[in-house]
Ligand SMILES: Nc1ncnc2c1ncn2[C@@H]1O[C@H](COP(=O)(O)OP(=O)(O)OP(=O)(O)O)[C@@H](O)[C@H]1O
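Let's start with one chain on its own, the form predicted on its own, as structure tokens.
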Amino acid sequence: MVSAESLDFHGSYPDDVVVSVENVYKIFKTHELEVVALSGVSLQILEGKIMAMVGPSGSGKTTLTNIIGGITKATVGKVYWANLRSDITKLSERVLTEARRSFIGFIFQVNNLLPHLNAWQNVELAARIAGVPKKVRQERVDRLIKLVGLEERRRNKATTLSGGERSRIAIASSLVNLIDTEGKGIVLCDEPTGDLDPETAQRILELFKELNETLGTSFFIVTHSQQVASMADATVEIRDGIVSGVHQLGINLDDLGGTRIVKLDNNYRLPMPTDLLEIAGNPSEFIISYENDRFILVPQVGELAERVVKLRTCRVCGQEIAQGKFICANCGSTV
């Protein structure tokens, strides 16, 4: 058990917040090389909602998912879990493992089913690993098998199941530790429909929706699929380790600018969407103004340092003063 004294309680979070990620950085170090995988990411996952995450390869999606799941620790920042009401970055691996059992489920693109076990046995094994008490294990596994619609296939070995059926067993396995948590749980999915045909994928997504509405479980889904993103309540867009946009229902992955909302992060940074930068010729400098209730960004051409030199002149003699100098070379006045 976790004592109250060992936890960093947060009373400021609304009751519907299941996970909150605040200003999270992750830096991987190998020898003398440092790779910044996440650079100040903040987001909240709400109870009973489905959130998708999209972004190119190498953008930080897997790293962020592992940090949310408590598998990888953030270098800097806070990760709040509702079941502990705590910042988990301060907790030991033992405490995390114990808490994860009744809070987080995982679904991967490759279903890790044991081929020599049948459908029911695979889910029952997941229940054992999750620490589900023996006296409730059978009843819970029976309920999950029914929920995912595989009662008639429960005795079939994994090798005889279709791809969609194996995905359903993987979903049932991910829920064995969450089904009695009254909604305060989350399933993390990494490309759950990546190997499925569109028709089977749609059935799996409909099952996600059904479970989401029936159990109140939250889903956080990493995807490249328009089919998956379309059914999410919200979609987070991540690029280069930064949340570059948030999208509500109706996202179109081929036209992200149509639904994108950009948000200031905790460091008052506003991410610039790369697709818009490319249209503008990839400028790196802007003049910003605020007029008629609108912020206006005007791209600038040329090097900033060159313009700074021209703008810095001596107030006494008007001589240009080089950047970094504080005394006029012409008259000796202090800038």
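Basically, rigid core = biggest C-alpha set you can superpose within 1.5 Å across the two forms. Bear in mind the structure is a predicted one, so any value in this text is a computation, not a measurement. Residue positions are given as counts along the sequence shown, with the first one as 1.
A second form of this protein, the form predicted in complex with the named molecule, is not displayed here; the remarks below concern that form.
- Taking G48, P273, P283, P56 one by one, only a single residue has any non-hydrogen atom within 4.5 Å of the named molecule in the predicted bound form, and it is P56.
- Note on the partner interface in the predicted bound form: the residue among K90, H224, K263, K209 having a heavy atom within 4.5 angstroms of the named molecule is H224.
- Checking 40-48, 265-273, 59-67, 285-293 against the named molecule in the predicted bound form, the stretch whose residues place heavy atoms within 4.5 Å of it is 59-67.
- Interface residue remark: L297 is not counted as part of the site for the named molecule in the predicted bound form, having no heavy atom within 4.5 Å.
- Contact check for L277: every heavy atom lies farther than 4.5 Å from the named molecule in the predicted bound form.
- Remark: E191 counts among the residues lining the named molecule in the predicted bound form, judged by a heavy atom distance of 4.5 Å or less.
- Of the residues in 21-49, those that come within 4.5 Å of the named molecule in the predicted bound form through at least one heavy atom are, in sequence order, F28, T30, V35, A37.
- In this overlay on the rigid core, R294 has a C-alpha that sits less than 2 Å away from its partner position between this form and the one not shown.
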